[in-house]
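Quick heads-up: the structure tokens below are two forms of one chain, split into structure 1 and structure 2.
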Structure 1
């Protein structure tokens, strides 16, 4: 017998509302920035209750398809689909699976190596310009001393993500954002104060950006991996350890 029986479909009106609105967004009828009608209007359009509409909007919001605002001119606005949901759902998966820090670092090292190589192949002058601007910010803060470790950390992350964006593949960007969020959340970073590690780290980044600028893909990959490994060795040993 070759007949397949299908699981009965769930009988939930709000899912139908989700599907309709999602389809309108994905097939281009609704574009980023477009405002959906207010809840009370949607309830009439779908001939359902306001509560059901609200539930559907919650799901669409969690899918990253809309933003919801309160107040005048409020309501649901269509969002440009971006990598945020991948990063969030990967984060949940990583947290639920108790992925070890070493495993995360291994993944990071591999991916940053690839991304740096691609960035070296694809960088345009305006990309390099942006990277240099971030580096210049970091240099200014470094000159003021390591009291600015919090901002310097932010810039470090911004640099890594910017390099991933130069590589031009959103999937790499999404996974690296996940990695960085997990790493940032995993440590108390105050020990960076009074430590040479950030100086050291930005020196590495400087070399990496030069390699990218010079189109040296293999060199950039190596430098990126070296940088990641070194930084995480510091994390393990503590920032105060001097050679």
Structure 2
């Protein structure tokens, strides 16, 4: 590995080690799959203690920038930077702030309306093809009748996240993954297999995908907001019935 690191100032050794390795990962000098030098070599490169290096590597692992593997071929390996850490942090923030059901609905309506509008402006043919493939999978399951509600909910999540990916902003993707994969999953106890709600939901999604395909940004935003509001109204009625 030919990456060069600067020597730290005496009073900032720990932060310096983290910052130097992080910068090398983020600017591409260190790529996913690259293995960092052994701890003893890093100790010499940074002119610091082995304990400082180990602590810095633990912080980098917590940030999702490296994996620390054990065994003969172990060591610190650079990870592909993704939205996982952002998603987890946002999820903790939502839980700590005790966000209410109605606040979540308000948030989703605003964000998913914006995302759908951007997707309509930016969608490419391959994006539409992917969305239509997901819809085709949902249609097959719906035609088979009851018993597939869990799979259908998984497809619904994939559709929402795929639309965010079409919009082209990774922050939207991270936020919607957090909402759909973590918060909404808490409603898993709803008995949906004999309900019309999933049929209605995918009818809404079909209309939304057509608006995105036709480049109708305003219409796509309105349909997304309507879909979110209607689905949350169903969840809210079900929640009250469980009390």
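In this text, rigid core is short for the largest set of C-alphas that superpose within 1.5 Å between two forms. Numbering follows the first chain given and starts at 1. Quantities reported herein were computed from a predicted structural model and do not represent experimental measurements.
*Asks:* Looking at both, which one would you say is the form predicted in complex with the DNA?
*Replies:* It is structure 1; that copy is the form predicted in complex with the DNA.
*Asks:* For residue 32, does the CA position differ by 2 Å or more between the two structures when the superposition is done on the rigid core?
*Replies:* No: residue 32 shifts by under 2 Å between the two structures.
*Asks:* Once you line up the core, how about residue 56: does its CA shift reach 2 Å between the two structures?
*Replies:* For residue 56, whose C-alpha is compared between the two structures after core superposition, the shift is 2 Å or more.
*Asks:* If the two forms are fitted on the core, does residue 42 show a Cα displacement reaching 2 angstroms between the two structures?
*Replies:* The answer is yes, as the C-alpha of residue 42 shifts between the two structures by 2 Å or more after core alignment.
*Asks:* On a rigid core superposition, how far has the CA of residue 17 moved between the two structures, in Å, if you could check?
*Replies:* A shift of 5.1 Å.
*Asks:* Report, in Å with one decimal, the C-alpha displacement of residue 67 between the two structures after core superposition.
*Replies:* Residue 67 C-alpha displacement between the two structures, core-aligned: 3.0 Å.
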